[in-house]
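The chain below stands alone and is given as structure tokens, in the form predicted on its own.
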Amino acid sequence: MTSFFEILTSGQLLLAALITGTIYATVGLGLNLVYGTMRLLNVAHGEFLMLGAYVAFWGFSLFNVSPFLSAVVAGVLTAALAAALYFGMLRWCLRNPRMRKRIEPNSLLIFVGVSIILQNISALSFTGTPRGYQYLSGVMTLGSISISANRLGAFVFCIAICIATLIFLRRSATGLAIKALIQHKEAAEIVGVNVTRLEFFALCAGFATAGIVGALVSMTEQTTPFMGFPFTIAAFIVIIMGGLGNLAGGIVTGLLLGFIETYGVAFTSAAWSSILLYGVFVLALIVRPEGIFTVRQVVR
């Protein structure tokens, strides 16, 4: 039997935890960007990830297009769908004072409907049969660590997205304006931030992130119309534990979630995966309901 110490020091498990955590962090990043700027509870986030997976699957199956190139196409497509949803419905909700006051519960109902519609359209169009393909499935070995090229590629792609996002938020004028909008919308408006433009940009960027991750995930997981729900739940765990609107905290929490899942399953069994994730989630809500990385405000 493998000892506790051997499991804890396994380079293979460490790499698996990093890959899983990076995917969770990137999925949560898109959801957190939308919630932080617009206070929209996008429970259809996983369905846009699913659409990205189908773009990559059909792109490779029909035209032999690399999933990494399809990831860019998926990002553009899901951003376009975000724009259509914004101009078709969300803009009216955000501009209506009565709707704006209840934007969180209203958006929850809207996105539940969007989720159901996308799932059923996908099932009618592609059937519920799981679909998969092989791309860069060869295994590379470095010492005692083995990894398939497609998982390594997805890992690098997700890291690049997270790093690029953090640099963008810290160094660009638009990124700093988004951070100001996340922290305090009214104050951002007072200093001249174009809130409407930034909200639209954040919505498209958040949806595009989901589509890109979906294309990457399709290389290692089967694609189905209902594959998005677990990713939606993971993304909500990430942003609630990391702090709503705290993008950097969400990325760190995504990595933490990957470690909890990977090592928890290694020490127990695969059946404990959901129990561990939700258990940690509930514990975090009890101990730090404002989020692990949210600075507590002292009321005097």
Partner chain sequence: MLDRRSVVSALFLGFAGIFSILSGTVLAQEAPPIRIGFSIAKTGLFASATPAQLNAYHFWRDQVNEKGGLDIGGVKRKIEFVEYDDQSNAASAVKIYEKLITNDKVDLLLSPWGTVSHFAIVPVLERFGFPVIGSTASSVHVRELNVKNMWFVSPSTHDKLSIQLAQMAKEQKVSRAAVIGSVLPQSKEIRNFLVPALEAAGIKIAVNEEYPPDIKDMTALLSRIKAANPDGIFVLSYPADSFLYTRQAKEIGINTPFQWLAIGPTIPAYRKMFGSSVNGIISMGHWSPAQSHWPRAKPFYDAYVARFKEEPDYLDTVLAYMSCEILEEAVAEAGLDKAKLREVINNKTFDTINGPVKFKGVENMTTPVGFLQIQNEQFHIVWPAEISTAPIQPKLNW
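Residue numbers count along the first chain shown, from 1. Superpose the two forms; the largest set of C-alphas matching within 1.5 Å is the rigid core. Since the model is a prediction, treat every value here as computed from it, not as a measurement.
Although not depicted, the form predicted together with its partner chain is the subject of the following passage.
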*Stretch in contact in the predicted complex with its partner chain, which is absent here, among 161-169, 133-141, 75-83, 194-202 (heavy atoms within 4.5 Å)*: 133-141
*Thinking of Thr37, Leu90 and Ala235 as one candidate spot, does its partner chain come within 4.5 Å of a heavy atom in every one of them in the predicted complex?*
no
*Can you check whether Gln222 is within 4.5 Å of its partner chain in the predicted complex, heavy atom basis?*
yes
*Can Thr209 be called a contact residue for its partner chain in the predicted complex at 4.5 Å between heavy atoms?*
no
_With the partner left out here, check for me: in the predicted complex, does some heavy atom of Thr174 sit within 4.5 Å of its partner chain?_
no
*Does Thr262 reach its partner chain in the predicted complex if we count a contact as any heavy atom within 4.5 Å?*
yes
_Where, within 239-278, is there a heavy atom within 4.5 Å of its partner chain in the predicted complex? Residue list please._
Glu261, Thr262, Val265, Ala266, Thr268, Ser269, Ala270, Ala271, Ser273, Ser274, Tyr278
*Is it true that Leu276 shifts between this form and the one not shown by 2 Å or more at the Cα, once the core is aligned?*
yes
*Would the C-alpha of Gly264 be classed as shifted by 2 Å or more between this form and the one not shown after rigid-core alignment?*
yes
